[in-house]
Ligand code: C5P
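Next comes just one chain, in structure tokens: the form predicted on its own.
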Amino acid sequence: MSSISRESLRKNIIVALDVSSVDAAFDYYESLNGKVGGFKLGFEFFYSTLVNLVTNPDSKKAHEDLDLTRHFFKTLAGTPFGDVKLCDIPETVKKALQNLLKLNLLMFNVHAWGGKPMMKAARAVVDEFASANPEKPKPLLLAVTVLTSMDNNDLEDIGLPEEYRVPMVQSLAKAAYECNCDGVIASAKDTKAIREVVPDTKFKIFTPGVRLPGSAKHDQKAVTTPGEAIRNGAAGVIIGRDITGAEDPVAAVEKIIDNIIEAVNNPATA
């Protein structure tokens, strides 16, 4: 890892823009563009933007926000991670994606729980989009295994005993691989187990629930450091508050890169 440049490591970092306004998202983008690999936009951003435009259609601010939203996605082209976690019947997922992919996403996700027919439908839509738009980057299709906000107690609450966790994660990841997904979203604690059943490193694992040492966990339970995640085999880490909540977000990114280098070069101290 020491031979890999800091600039290369930046591509492993996806910033979670868990904000409710286009203005806030754009501010983070402008300060971090080129410093990280991409930007996650999830339910909070998409729903608040839509609701604001629908409930205040005649206000000056709504028109300004609409123009800014258009400019925002045009500017971000090729860097957004659409954290949409689609999970529905195949036809519904297909039609949703036919619209979402117009945003020129870097990657997006579905729930592996949705099953193979749904994941195959998503794969077909991505391939059709890429074939029709060869000049645009082909977005990665990722499948969510188990949310990092869920620990073993939460799984037991829905009828899945602790000993089922690893086999379940492995089954979901293997199903995603067999459906030609590009990878999964999974806790770093599950990465090694996933690699036991899917050793193909072209199948990428992206890890959310990542925190620098000493940071608060907030609503995440399966938490690891950025360095631990990459050392355990993650292709990238998805980090929000440690960057967006920092006094200096750019400096926070540098600390994350330091943590990755230290963890991989000196495993005993990570």
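No experiment lies behind these values; they were computed from the predicted model shown. Numbers for residues come from their place in the sequence shown, where the first is 1.
As for the form predicted in complex with the ligand, it is not shown, yet the points below apply to it.
Enquirer: Look up in the predicted complex whether Ala16 has a non-hydrogen atom within 4.5 angstroms of the ligand, and give yes or no.
Expert: It does: once the ligand is placed as it appears in the predicted complex, Ala16 has a heavy atom within 4.5 Å of it.
Enquirer: Check whether Val144 has any heavy atom within 4.5 Å of a heavy atom of the ligand in the predicted complex, and answer yes or no.
Expert: Yes, Val144 is a contact residue.
Enquirer: Using a 4.5 Å heavy atom cut-off, state whether Gly227 contacts the ligand in the predicted complex.
Expert: Gly227: no contact with the ligand in the predicted complex.
Enquirer: Should Arg231 be counted as a contact of the ligand in the predicted complex, where contact means heavy atoms within 4.5 Å?
Expert: Answer no; every heavy atom of Arg231 is more than 4.5 Å from the ligand in the predicted complex.
Enquirer: The ligand isn't shown here, but in the predicted complex, which of 197-205, 31-39, 57-65, 239-247 has heavy atoms within 4.5 Å of it?
Expert: Careful reading of the contacts points to 239-247.
Enquirer: Check, residue by residue, if Arg10, Asp27 and Thr79 all come within 4.5 Å of the ligand in the predicted complex, counting heavy atoms only.
Expert: No, the candidate spot makes no contact with the ligand.
Enquirer: Here the chain is shown alone; which of Lys136, Lys116, Lys85, Lys94 has a heavy atom within 4.5 Å of the ligand in the predicted complex?
Expert: Of the listed residues, the single hit is Lys85.
Enquirer: Could you tell me which one of Met107, Ile185, Ala122, Ala173 places a heavy atom within 4.5 Å of the ligand in the predicted complex?
Expert: By the 4.5 Å heavy-atom cutoff, the listed residue in contact is Ile185.
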